[in-house]
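Shown next as structure tokens: one chain only, the form predicted on its own.
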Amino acid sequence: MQETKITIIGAGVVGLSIAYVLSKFHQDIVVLEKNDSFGQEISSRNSEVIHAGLYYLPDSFKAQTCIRGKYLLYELCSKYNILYKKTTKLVVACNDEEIKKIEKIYYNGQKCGVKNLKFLDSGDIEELEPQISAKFGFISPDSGIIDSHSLMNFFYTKAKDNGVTFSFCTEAAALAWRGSHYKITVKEPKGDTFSFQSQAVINAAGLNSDKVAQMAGIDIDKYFYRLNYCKGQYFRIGNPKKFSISHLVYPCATQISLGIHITPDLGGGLRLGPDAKYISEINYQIDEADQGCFYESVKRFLPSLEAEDLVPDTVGVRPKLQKEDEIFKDFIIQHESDKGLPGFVNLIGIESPGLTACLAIAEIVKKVLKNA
């Protein structure tokens, strides 16, 4: 039976960032990924937004890692020429009721530690984005967009250069603590299985992270680790040159999403989305009948938008810890020694702002392993 020091389950942006950070200090790291390459699920099906940290409960993991993570990400991208753009974000309100919600987001962002926020009246908004119509809003200068594939490829390449072994098309099938090590059994594409030993295990399995925790022997209902799937669809503006939008433009957030927003991408395109629909099983099929909902939602603050401007784009699925009728739930970043699993670190419910927070999450995992 082969043996390794650290096994990371999952090669999304979080698993990759952890591999990159840990590989500077540890040898014998293996990354298991059930897909044929890195970043095939959550990490490649999102808005690619670098969030400022406006929406999260102050002092939560989401707030702390977003605030810390955005600075680490901008610094990394600048140092290694990873494509990004600090677009800034406009959060807009179209009526008096929304103005009250906007103000709450603004002051919550300040409590979380977001700086340089500024209220805008309708004239300020028109000056920044002439085609956007809103009564009130604010600007967030720290927000931006990033080429997530280039970021992940950087983490992957650097980790490999530092000696990390990546095993693609390799799914974790069983996991058990044996008193001095973990026995991990994996399944290969043809159905063959083999086992190896690992001193530590980091569960960064994204949409399957609750299943990995359960595999290790944790009661995921008792500890509220069971995930709920929330589908987010995107439509694209077919002729982006019709609009001259350069900022991220967000409406009021809802309980389960940040609202259908406008994202200018690095290729000069404009995407709308995502929406939010809870689903029982993972699927990536876009419902073209929802195009009308996207149109109506965005036309409120982009009045020149026409229904025929929209074309279907892509779909992502978020791993949410809260159910549809529940309020905010934080990331789970937990060393499970108190459950009889020393050296086992769970990362569960890592949805937005996971991309922004990836390096800050990796810092926490590094510290947890050092203390363990």
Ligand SMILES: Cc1cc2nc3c(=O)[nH]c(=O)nc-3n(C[C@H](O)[C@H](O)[C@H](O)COP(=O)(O)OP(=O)(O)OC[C@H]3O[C@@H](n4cnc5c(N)ncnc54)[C@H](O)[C@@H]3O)c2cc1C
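Please read all numbers here as calculations on a predicted model, not as lab measurements. Start at 1 and count along the sequence shown; that's the residue number.
Only in words, not in the display: the form predicted together with this ligand, which the text now covers.
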**Asked** Quick one: is A362 in contact with this ligand in the predicted complex, heavy atoms, 4.5 Å cut-off?
**Response** no
**Message:** Under a 4.5 Å heavy atom criterion, is N228 part of the interface with this ligand in the predicted complex?
**Reply:** no
**Prompt:** Hey, in the predicted complex, is R45 touching this ligand, heavy atoms inside 4.5 Å?
**Reply:** yes
**Prompt:** Does V212 make contact with this ligand in the predicted complex, using a 4.5 Å heavy atom cut-off?
**Reply:** yes
**Message:** Check for me whether this ligand, as it appears in the predicted complex, comes within 4.5 angstroms of all of K70, L117 and N153 - heavy atoms only.
**Reply:** no
**Request:** Would you point out which of 337-345, 32-40, 305-313, 322-330 contains residues with a non-hydrogen atom within 4.5 Å of this ligand in the predicted complex?
**Result:** 32-40
**Asked** Using a 4.5 Å cut-off on heavy atoms, what residues in 164-202 are near this ligand in the predicted complex?
**Response** T170, E171, A172
